[in-house]
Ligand SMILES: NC(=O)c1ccc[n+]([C@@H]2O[C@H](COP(=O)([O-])OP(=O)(O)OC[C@H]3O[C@@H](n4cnc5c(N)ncnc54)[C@H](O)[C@@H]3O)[C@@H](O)[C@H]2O)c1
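Below you'll find only one chain, the form predicted on its own, shown as structure tokens.
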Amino acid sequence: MERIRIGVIGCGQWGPNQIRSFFFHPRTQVVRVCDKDASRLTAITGLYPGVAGTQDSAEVTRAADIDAVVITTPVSTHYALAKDALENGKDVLCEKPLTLRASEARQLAELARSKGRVLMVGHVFLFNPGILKLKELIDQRAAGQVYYLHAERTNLGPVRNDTNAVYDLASHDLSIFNYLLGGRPRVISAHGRCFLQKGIEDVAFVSLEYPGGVLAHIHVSWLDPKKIRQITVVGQDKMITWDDLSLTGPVEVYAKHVERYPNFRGFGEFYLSVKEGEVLIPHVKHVEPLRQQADHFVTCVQERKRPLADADSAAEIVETLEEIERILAGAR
């Protein structure tokens, strides 16, 4: 099978990672990279022999020698670049979130369908082995009925000026929660503050309710002393944690729960008993999520399959982000 010819637009913070991933992939060839900054292009083309550089995105989106386009630019540019690539017959992998507005995301989803193109969104944590294990455990009802989930994603920086911490960070956790629970939130509330830049929240607390009454909470911040990437799942029978930075293993299952016992001194009354148990650390094979994501994209392109992180599910995430933004803007 011939290798897929790749063009990458954006050589800033995340772009070099995508370039590396596809350059060394056995089924792809990085043909051309694009960035407005000439010094970045010089650095990339110096690292990767045979890769051409350009400052004109049309030399990627409209090039006859490119099959698929990878977009790693600021979110405000995603819609125009993805639209141009799809209209010119390219398959597209676009970084998250797909667009700033859900209407734009839905337009891209429909355009990809009409053109018969693959449009995948870089919700890379859906390819994280720890998250995949978490999904497996929830589907197996290892924790029993799920009561609530809590996600914390914080660090001191990097501070962005093109979007707020919700679009930047909470988009990860929304994609994870939707994936774990098999749906989208139906109730949304949020609080945030713009401490560093006017009109751009650098810290936010988002509360959600999913079908079945499952509660979820997300804390994101660019203004925190510690880098944290954690999720807690609390169920009726057990509790499960995911820590992407853990040295012992990303997933831990706690045999802890609260049981109700009849209180025979009063009709219909119960007393609650806390049950402690062992902590199980299941084996999770270490593989690079970005490589797994690249593999999935390549397979979808070659076999014309619908990707896991497709444009329709990405549009739902953008719709939630848009609602959170509306709530935050109203409180500024």
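All residue numbers refer to positions in the sequence shown, first residue = 1. Everything quoted here is computed from the prediction, not taken from an experiment.
One more form of this protein exists, namely the form predicted in complex with this ligand; it is left out here, but the text below deals with it.
Taking non-hydrogen atoms only, Arg62 never approaches this ligand to within 4.5 angstroms in the model of the complex. Residue contact with this ligand in the model of the complex: Ile324 places no heavy atom within 4.5 Å of it. Put simply, Lys36 is close to this ligand in the model of the complex: some heavy atom of it is within 4.5 Å. Residue contact check for Thr77: one or more of its heavy atoms lie within 4.5 Å of this ligand in the model of the complex.
None of 92-100, 214-222, 235-243, 194-202 except one has non-hydrogen atoms within 4.5 angstroms of this ligand in the model of the complex; the exception is 92-100. None of Leu81, Ala112, Leu180, Ala190 but one reaches within 4.5 angstroms of this ligand in the model of the complex through a heavy atom, and that residue is Leu81. For the candidate set Arg117, His172, Lys133, Arg106, a heavy atom within 4.5 Å of this ligand in the model of the complex is found for exactly one residue, namely His172. For the marked spot (Ile9, Arg40 and Thr72), a heavy atom within 4.5 Å of this ligand in the model of the complex is present in each of the three residues. In the model of the complex, Gly122, Val124 are the residues of 122-153 with at least one heavy atom within 4.5 Å of this ligand, listed from first to last.
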